[in-house]
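The data below hold one chain only, encoded as structure tokens and taken in the form predicted alone.
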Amino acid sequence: MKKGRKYLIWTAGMLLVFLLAVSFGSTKAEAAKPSALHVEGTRLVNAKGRTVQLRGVSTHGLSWFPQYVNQKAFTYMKKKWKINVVRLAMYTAEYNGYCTGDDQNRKNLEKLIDKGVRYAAKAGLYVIIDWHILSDGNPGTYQTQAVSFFRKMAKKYKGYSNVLYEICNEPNGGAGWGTIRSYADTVVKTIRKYDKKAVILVGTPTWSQDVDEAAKDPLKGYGNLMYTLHFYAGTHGQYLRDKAQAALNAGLPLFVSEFGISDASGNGGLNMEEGKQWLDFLDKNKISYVAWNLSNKDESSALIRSSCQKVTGWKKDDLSDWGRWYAARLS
């Protein structure tokens, strides 16, 4: 009997330890989940009203470099590079773009986005679902498809606190703010039918550079909107920072959803000094920024060396000059 009681006591104790461990593990996992963000003035803030600055990386085109959307890569970059956001760049009009590929291609892209959202959530990262217009120039070109896509995304991810929506990457080709604003009003209205609070990023004219134009007539009637500023330090210098400052002075909340330190083509030499001035400016103003791009493409804006086939666990020698510079700046 004594041995029986001791066994029962021991068993009960071990069960209690197990339950506490499970409970503690669950609490840790839940604590790691990103909390919902919102916009106050020109700042991105958390539920306590504290300013949050997102700093991270963008994938290259999901159809071309899908292998980098994996759990280990996202977790690795969170731990080693100290990123807190990843952007899923889904081209719309290029080869196998969402609007130019076939039905199966669209399904594949949606599945990859879903994986990316879930991997990011598990890693404790925010994630940007990016409608990556480029060669289509005018966001109205595929407005019908954009409305359908973001309706689907908003319905699916309305319960996710880590999701941001970027509705038009880089309007160009003469698409003025009036045209972009009209498109944005339609798409934002669609998202807000299902996801009332998620942060939405709105592109601006001239490859998301003319933020001062958007500041003169921002969208009305919606909360939690930010406007995107893109730059490449090898091409864009103080004059563009002046435009950004003018937009901030006018009260426009900015988000740098794509940048690099090469020239604007994504190639060419790296301007590290100008890159430092840019990030100092962004850090000073608590503006979030996302680096282009997570791939081993043979160009200077790729973070991984073209000779490296790894999709996670990159050592210093696996990174490009740009990748080493950026990882050092983040960590």
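Residue numbers here begin at 1 and follow the sequence given. In this text the structure is predicted, and so the values were computed from the model without any measurement.
Just so it is clear, the following notes concern the form predicted together with a small molecule, a form of the same protein that is not shown.
The small molecule is not drawn, but in the predicted bound form it has no heavy atom within 4.5 Å of residue 228.
Of the heavy atoms in residue 134, some are within 4.5 Å of the small molecule in the predicted bound form. Using a 4.5 angstroms threshold between heavy atoms, residue 60 counts as touching the small molecule in the predicted bound form. Contact check for residue 239: every heavy atom lies farther than 4.5 Å from the small molecule in the predicted bound form. A heavy atom within 4.5 Å of the small molecule in the predicted bound form is found for one listed residue only; from 35, 265, 306, 277, this is 265.
Heavy atoms of every residue among 170, 232 and 293 are located within 4.5 Å of the small molecule in the predicted bound form. Contact with the small molecule in the predicted bound form, judged as any non-hydrogen atom within 4.5 angstroms, is confined among 282-290, 35-43, 48-56, 295-303 to 295-303.
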